[in-house]
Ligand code: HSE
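Below, in structure tokens: the form predicted alone, a single chain.
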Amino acid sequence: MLNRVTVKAPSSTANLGPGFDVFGLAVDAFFDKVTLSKIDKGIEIISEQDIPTKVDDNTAGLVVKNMKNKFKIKDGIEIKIQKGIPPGFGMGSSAGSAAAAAVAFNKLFNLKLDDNTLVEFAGSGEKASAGSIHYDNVAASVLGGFVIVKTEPLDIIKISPPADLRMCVAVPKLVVPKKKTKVSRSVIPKKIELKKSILNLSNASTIVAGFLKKDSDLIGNSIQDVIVEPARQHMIPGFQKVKNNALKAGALGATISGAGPSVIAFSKKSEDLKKICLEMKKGFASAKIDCQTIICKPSKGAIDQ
């Protein structure tokens, strides 16, 4: 019987432009690591980093609390969290810890849960960060690859990405507001023109076809969002310049990563990815913002160490 399990979960990018709250992609830019250990009683959260240690305010803590209650686990649990995914930058930070916690709990107590159930529990942790449950980031972080979230009832469809798909991520050095996801959701329009809805649906459908056909060009060329991106771009200084620079440098498509403020450009392995990163950096510099750039590829999901 296991007494300790460590799981590493990848960062993720949600939406991919037109797939708001439905699409997610695991990327190997950053990782969170969570270790669950059995103790006598209660739930304790420890970390060397500045993160919430109250159970209900911590995504991993909330996941463990919900799973402990659901399966009537008597053991106490210590949660040790090592954050590698920068919080609040649209790379699935809260989802990474939640995904790692769900997968670790499943293994520690040999529950043998199916993928949808694991994602559901991981998603329950998002309440601590976003205030409501969203499954796009956690599904990608738990399962890896490209995911489509079908809701009511929850069903996650996973598709393996093309081998040559690459992403360039620009993470700006900005001070992000608390409850940033909630703030960024508040600017999304409540009413949408039919024409825009059709265009986003068209692009979203083509992205799915691109993943199924393993066609990176089709995916990248379809990363176009006429609803959420225009409503949020004012929150990211220099966004339009960053996006245009990426496209001119050879990226197939570029958009806001999740709720931002990171910007992600989609390309192929054969392109000059360093040039794309450099031009994205110049785009943020035009708004007097420094940024970190990362070249990454699709990642596998949460794995035990």
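Predicted model only: the values in this text are computed from it and were never measured. So that there is no doubt, residue numbering starts at 1 and follows the sequence shown.
Note that the form predicted in complex with the ligand isn't included here; everything after this is about it.
Out of the listed residues Lys127, Arg232, Arg166, Lys83, Arg232 is the one that sits within 4.5 Å of the ligand in the predicted complex by at least one heavy atom. Put simply, Ala259 is close to the ligand in the predicted complex: some heavy atom of it is within 4.5 Å. Shown alone here, Asn137 lies within 4.5 Å of the ligand in the predicted complex, counting heavy atoms only. At a distance threshold of 4.5 angstroms between non-hydrogen atoms, Asn200 is out of contact with the ligand in the predicted complex.
Although the partner is absent here, Ser216 is not a contact residue: none of its heavy atoms lies within 4.5 angstroms of the ligand in the predicted complex. Remark: none of the three candidate residues (Thr6, Asn106 and Phe109) comes within 4.5 Å of the ligand in the predicted complex, counting heavy atoms only. Taking a 4.5 Å heavy atom cutoff to the ligand in the predicted complex, none of the residues in 145 to 165 make contact.
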